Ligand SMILES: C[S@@+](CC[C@H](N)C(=O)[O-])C[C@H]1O[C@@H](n2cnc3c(N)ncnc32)[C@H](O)[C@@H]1O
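Take a look at this single chain, the form predicted alone, given in structure tokens.
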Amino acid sequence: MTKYEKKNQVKNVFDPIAESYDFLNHLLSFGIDCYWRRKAVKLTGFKKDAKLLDVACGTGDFSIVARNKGKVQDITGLDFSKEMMMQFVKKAPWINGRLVQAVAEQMPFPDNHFTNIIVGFGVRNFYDIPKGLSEFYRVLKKGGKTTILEFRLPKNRFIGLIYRAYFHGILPVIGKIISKNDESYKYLPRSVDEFEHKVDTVKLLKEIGFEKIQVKMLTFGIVQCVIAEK
């Protein structure tokens, strides 16, 4: 699959499940996904004048936590799936007019524009991850932070066995039954596996020029929170 084929594949994966996405997210994670976002916002420590970009914003859960818990008022969302962003507007009308349909690799923003970027479980969906993270660096102001939440495979062997059995066996079945979409919830475990074996987020961020990189593993190591500064 080429990079550009992946771009369209990701859009085709998320558009059909937009309406059931939030329900399934909370169900399949047993509600822990809410904790991951709150923890990431707390670790980031937004300033009062933060100008935030939520990349791969989807239905807006990360932005909503940043606004409610991080007290961020200036928020822009970016996603390639129009259907997902429509759900964002339904949940949080205040974002209307602040959503941009685009990919992370080609963001229509000037240099040094945002103080913060957040991305929740979206980096693995970029069709060109180094290019996407380079765009983060470009649009961030000096001293600005990027906060990345992403699934990782647990290092503990026992936890890893349980995790894989759930991710590859149970999760796709439940996702298919509720969303009526077979491919979307097969894509999730495949994309996590591929990301785990091919991408070192910290190394990429260092190569791009980010500094003061912090890494926090959450919930037995199944989620990684990385915070890096320009």
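Model, not experiment: these values are computed from the prediction. So that there is no doubt, residue numbering starts at 1 and follows the sequence shown.
There is also a form predicted in complex with the named molecule; it is not shown, and the following applies to it.
Comment: the named molecule is not present in this chain, but in the model of the complex one of 92, 148, 139, 103 has a heavy atom within 4.5 Å of it, namely 103. With the partner removed from view, the residue among 9, 219, 25, 214 that has a non-hydrogen atom within 4.5 Å of the named molecule in the model of the complex turns out to be 25.
Although the partner is absent here, residue 72 is not a contact residue: none of its heavy atoms lies within 4.5 angstroms of the named molecule in the model of the complex.
Using a 4.5 angstroms limit between non-hydrogen atoms, residue 84 touches the named molecule in the model of the complex. Residue 121 belongs to the set of residues with a heavy atom inside 4.5 Å of the named molecule in the model of the complex. None of the heavy atoms of residue 116 is located within 4.5 Å of the named molecule in the model of the complex. Shown alone, this chain has one stretch from 152-160, 108-116, 139-147, 123-131 that lies within 4.5 Å of the named molecule in the model of the complex by heavy atoms: 123-131. Taken together, the three residues 35, 46 and 66 lack any non-hydrogen atom within 4.5 angstroms of the named molecule in the model of the complex.
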